[in-house]
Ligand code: LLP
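A lone chain, given as structure tokens: the form predicted on its own.
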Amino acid sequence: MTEHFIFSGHDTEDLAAEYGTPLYVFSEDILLSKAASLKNAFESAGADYEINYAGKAFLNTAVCRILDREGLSLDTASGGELYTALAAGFDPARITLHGSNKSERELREALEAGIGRIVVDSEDELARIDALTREYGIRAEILFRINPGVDAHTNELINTGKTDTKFGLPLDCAARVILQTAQMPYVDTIGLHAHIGSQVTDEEAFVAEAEIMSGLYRELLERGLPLRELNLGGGFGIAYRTGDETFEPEIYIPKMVERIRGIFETEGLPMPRLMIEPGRFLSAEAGITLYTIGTVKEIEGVRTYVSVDGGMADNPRPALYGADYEALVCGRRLTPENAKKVRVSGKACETDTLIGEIELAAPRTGDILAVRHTGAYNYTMASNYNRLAKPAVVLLSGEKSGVIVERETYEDLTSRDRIPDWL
């Protein structure tokens, strides 16, 4: 029995035939559904809130257009991400600039564009912002990133809320640094920010983060700073594999809001606007990657290797984090009779394991393989290792599909090469 894998209403084998492989496929409909789940959860909790999509997860001009149209805000972490948003016509007032080592050029670009907020990461950066705002005569609204010392109990490589991290101000010196802004004529401190890590699957760590931050928030308000926002960061987890825990907004966000409201009431403080920075939560499940299976190599008594026409160049996460994914052969239903336990490997000149062990439906050369939930940190982390050209990105919207990032060519790979005159 043949059953084609349908993703967001589209036949994946047809997509592979039309656009080629490897291919990133991204669903606008799924992205909007995930965003709606967050909006509905906050609104049911009666919260003043703002959703800042973390562009590092998946960003290009088309995605910026979708986010801007839907009234979402955007978190950028570099001059390149900021440029992409502005090139797409994104409302600057809803853009935030992050980053632990912002260059003077990036800060100038942010001020000149009139973006809504800058999240300050260090005392050095604060001094640069003060000098630039005086030079321009432009006001800057800023938040300070704080290390709350919260362990999010996630992968050590994506656990960023601890004291020993390159990000943000340690809690014990934060007030001293932040209060300097009271003497800065063009700098307004309007809130605090923290990010505790990724793949967090309930509200507890966010509540602990808010409780720790509330003391600093109170102190700064009492010292005259006009705080009104508390940015809890991102990190809402998704289920990469069947059975994984996931962050369920309709359950955890109302509980989170209620408990944070209680914390601020106990402190005698006005409830701030709550801001979040979901990236993976919105984009991961909205994306898949399609590959064509090439070599199928069975090593008797050891394992079977199934090689695809992509790999660590278009998805480095398994190599970086040991990330796990689920996959399926697009044109064949998995049954007990055809199930084959295999290792899925890429074509890079490395071990390049995409999936260490998985059962697939009798994989054969020429089959199309879909790897699920690749909408976050695949396209944005892709490289040209082995001079592999980066895949195209196709956007699905209802019954429509179209290219939003062109496939790279061999000519693209050499387009910025230069040969010195002595060669």
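The first residue of the sequence shown is number 1, and the count goes up from there. Remember, it's a predicted structure, so these values are computed and weren't measured experimentally.
This next part talks about the form predicted together with the named molecule, which is not shown.
Here is the short version: of 291, 144, 90, 236, the single residue with a heavy atom within 4.5 Å of the named molecule in the predicted complex is 236. Proximity to the named molecule in the predicted complex, defined as a heavy atom within 4.5 Å, holds among 199, 133, 73, 189 only for 199. Heavy atoms within 4.5 Å of the named molecule in the predicted complex belong, among the stretches 136-144, 315-323, 244-252, 338-346, to residues of 315-323. Looking at residue 42, you'd find every heavy atom of it more than 4.5 angstroms from the named molecule in the predicted complex. Although the partner is absent from this view, residue 362 stays clear of the named molecule in the predicted complex, with no non-hydrogen atom inside 4.5 angstroms. Taking non-hydrogen atoms only, residue 280 approaches the named molecule to within 4.5 angstroms in the predicted complex. The named molecule in the predicted complex comes within 4.5 Å of no heavy atom belonging to residue 31.
The partner is not shown here, but in the predicted complex the stretch 46-73 reaches within 4.5 angstroms of the named molecule through a heavy atom at 54, 56.
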